[in-house]
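Next up is one chain by itself, shown in structure tokens, the form predicted alone.
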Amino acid sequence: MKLLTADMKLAEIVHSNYLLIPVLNRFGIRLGFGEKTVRTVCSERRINLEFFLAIVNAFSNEDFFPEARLRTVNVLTIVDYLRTTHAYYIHAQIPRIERLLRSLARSKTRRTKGVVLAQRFFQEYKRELLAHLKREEEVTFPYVEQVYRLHRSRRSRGNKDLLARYSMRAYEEEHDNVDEKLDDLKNILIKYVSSGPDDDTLNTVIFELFRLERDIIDHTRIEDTILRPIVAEMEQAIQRTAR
């Protein structure tokens, strides 16, 4: 797939991959942008152009991930994007999948052990995912913001206490792959729920699970290969000034 560029019309971006619509929404971009280019829309909305292009290209092409270019992006911009993605999972994607699973369970032709198991499995996955997101919202992201402020101020007072309480090394150790259970859930629906007159609902929930899985994989890549190394570098700089 060809790279998406700043001078392409934003409508072309959507036509190239319609799954980018929710990603655009995370940047505050809604449909109805006419003939405007990516550059124009990012300028109007004060969106970091390099970061936007990196995200949409990474989402569209698994082999694309310009780590060096993203390292120049303000870490707070990355955190803001990750928080918005969390909100999308919590308020849009998870409720959508739950509604679809309930619809399957209500169907007379779907009252099977496979559907019941899938519902139970998804609730377990949801609890794990929400706990994971809550930990990042309440611990990791505030820590990143503190590290950023300390690094910018170049003050040494209190630095050792902050780094003693938490670090990117601790984050790496607790950063589980929460997407693994989605593969098991997809297999339950694909292998053990038989076809019926409501195939469209079954197909849709499987499609949404694939979409959520892919989104979380990209989300985790940003956290592991961009956020964590940037903050780790700032931690090292802070430790040097605290000596």
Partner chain sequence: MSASSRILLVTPNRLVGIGLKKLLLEYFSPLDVSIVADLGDVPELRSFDVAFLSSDSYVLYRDRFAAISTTPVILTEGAGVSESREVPLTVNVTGTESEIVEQVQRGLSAHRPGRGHSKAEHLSAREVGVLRLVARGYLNKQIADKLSISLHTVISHRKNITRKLGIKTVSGLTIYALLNGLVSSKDVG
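These numbers were taken from a predicted model, which means no experiment stands behind them. Residue numbers count along the first chain shown, from 1.
Just so you know, the form predicted in complex with the partner chain exists too; it's not on screen, but the next bit is about it.
Visitor: Counting any heavy atom within 4.5 Å as contact, can you tell me which stretch out of 136-144, 99-107, 114-122, 72-80 lines the partner chain in the predicted bound form?
Guide: So the stretch in question is 114-122.
Visitor: Contact with the partner chain in the predicted bound form for Asn187, defined as at least one heavy atom pair within 4.5 Å: yes or no?
Guide: Judged by the heavy-atom cut-off of 4.5 Å, Asn187 is in contact with the partner chain in the predicted bound form.
Visitor: Indicate whether Lys181 is a 4.5 Å heavy atom neighbour of the partner chain in the predicted bound form.
Guide: Answer yes; at least one heavy atom of Lys181 falls within 4.5 Å of the partner chain in the predicted bound form.
Visitor: Residue-level question: is Lys191 within 4.5 Å of the partner chain in the predicted bound form, judged on heavy atoms?
Guide: Lys191: yes, in contact with the partner chain in the predicted bound form.
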